[in-house]
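Single chain ahead, written as structure tokens, the form predicted alone.
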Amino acid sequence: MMAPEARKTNYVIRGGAEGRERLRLLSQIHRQSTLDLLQRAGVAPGMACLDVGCGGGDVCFELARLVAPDGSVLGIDIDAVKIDIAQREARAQRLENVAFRVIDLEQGELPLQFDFVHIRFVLSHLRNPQKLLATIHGALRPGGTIVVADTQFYGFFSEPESRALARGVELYVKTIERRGANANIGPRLPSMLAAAGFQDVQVGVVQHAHIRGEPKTILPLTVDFSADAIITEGLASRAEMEALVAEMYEFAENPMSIIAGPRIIQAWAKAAS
């Protein structure tokens, strides 16, 4: 179930090829709400777009189609394995206007200028998310648009209530906090954009709930893939995590139970003209 103990990094969820498959499921769950958000925020043909923390490239592929034929998309991530997978999948989908690079924005700057920047489920894993927003502001052309989506993890719920799910979320949130980040950063996004100099800030909220099928496993899967980091932080033993994750999956298999993931706060704004 769980990999050998993870190297202590700021990102607590298992990456690589396994992590890409978790992100694929996550993208399936959020696909329609993300497309609605991109269109509401003004993605249009011809734009030069950046997807920060692109993972396996799912949002990049959607953007590439929306800005075609003359627009372009650059996806960046710190996980070289996921970037390699994204490049292969882009070729398989015959998307010629999307490219991928391994970049850690916490360590450097972007040399290019963009019309549109998308950041999903990234700021909640950073020690200094405000610094990243300042970097992005500098990489946007005047009047360019930024779209950010992130979690309020304590907004999750289940029916009936599940002790295992509540405990799994608590451990995940505490582990993120131990790494200096904030899994409940979502409600802060509008004020953070304003503090970074963005204008015309707007906000929305979405939440996905499931009663059957693979999407119902995304919360247990996220805790499962964070188990090594939870153990590394001393918050639970391996035996405790194995029992907890098994109980979470069992709850998800109950055809009468409901699992709703964290609230997702969406915010979008403009760089100064």
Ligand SMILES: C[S@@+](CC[C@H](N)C(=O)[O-])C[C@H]1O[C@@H](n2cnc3c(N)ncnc32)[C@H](O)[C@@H]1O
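Note that residue numbering begins at 1 and tracks the sequence as displayed. As the structure is a computational prediction, the values presented were derived from the model and not from experiment.
The discussion below concerns the form predicted in complex with this ligand, not included here.
Contact here is defined as any heavy atom lying within 4.5 Å of this ligand in the model of the complex, and by that definition each of Ser27, Ile103 and Val122 is a contact residue. Although the partner is absent here, Pro215 sits far enough away that none of its heavy atoms falls within 4.5 Å of this ligand in the model of the complex. Shown alone here, Gly55 lies within 4.5 Å of this ligand in the model of the complex, counting heavy atoms only. A residue is said to contact a partner when one of its heavy atoms sits within 4.5 Å of a partner heavy atom; Arg263 fails this definition for this ligand in the model of the complex, lying far away.
Mapping the unseen interface onto this chain, Ile78 counts among the residues with a heavy atom inside 4.5 Å of this ligand in the model of the complex.
Listed residues Ala183, Val169, Leu74, Leu126 were compared with this ligand in the model of the complex; Leu126 is the one with a heavy atom within 4.5 Å. Partner proximity in the model of the complex, defined as non-hydrogen atoms within 4.5 angstroms of this ligand, places exactly one of 195 to 203, 113 to 121, 135 to 143, 160 to 168 at the interface: 113 to 121.
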